[in-house]
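Coming up is one lone chain in structure tokens, specifically the form predicted alone.
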Amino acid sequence: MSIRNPKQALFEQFAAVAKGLGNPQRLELIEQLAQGPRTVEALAAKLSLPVANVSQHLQAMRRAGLVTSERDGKFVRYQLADASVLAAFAAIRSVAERHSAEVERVVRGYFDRRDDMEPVSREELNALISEGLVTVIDVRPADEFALGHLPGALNVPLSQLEERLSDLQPDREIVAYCRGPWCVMSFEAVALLRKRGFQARRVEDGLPEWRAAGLPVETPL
């Protein structure tokens, strides 16, 4: 069958992919799946949403080619189609950061109040880790840490940080990371650590971007 207007046909498909991204809960699902493959039930628990709602979102995202799925017994496990999905999310984020007044207001009102210092780049942190000069803490929940983490990172979930300060060396710089560049947990962790007298910074983004850059990631055996 010949295509009368191939450009229009392509644009319709591009729009279908964009529509697959055009929902805040779907962007949250991408952030979660960027940590590693998850079942529908696990994702529903993470987002505090009904399983049926999450399933509907994931099916729409699968039709758009954003995620893939496989059956694991009675469960269905989803994962991102490939790294290009994370890149698309990053492109949306970049445009919004540059041109949305509301994004700027949120960044200044919430994030900059907690940490207005220049974050640690992936390249700098990789060098610091290689030289053994910092303590890296992963402030994500333990189930996400188990899917993969930065080399030598300690899993100190944000909810446990206050009670585990004694596990950290006060004379050693601490670098915190979590799910991505605007993950609230790393900002909160750095603010708490500085308040308690630690020298602390956060990574410029999170594990998914670190992995996508081809940097080493530790995973369970």
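This one's a predicted model, so the numbers in the text were calculated from it and none came from an experiment. Sequential numbering from 1, following the sequence displayed.
The same protein also has a form predicted in complex with the DNA, omitted here; what follows describes it.
Q: Using a 4.5 Å heavy atom cut-off, indicate which stretch of 186-194, 148-156, 38-46, 168-176 touches the DNA in the predicted bound form.
A: Of the options, only 38-46 has residues within 4.5 Å of the partner.
Q: Would 53, 71 and 74 all count as contacting the DNA in the predicted bound form, using a 4.5 Å heavy atom cut-off?
A: Heavy-atom distance to the DNA in the predicted bound form: all three under 4.5 Å.
Q: Whether residue 25 contacts the DNA in the predicted bound form should be assessed with a 4.5 Å heavy atom distance threshold; does it?
A: Output for residue 25 is yes: heavy atoms within 4.5 Å of the DNA.
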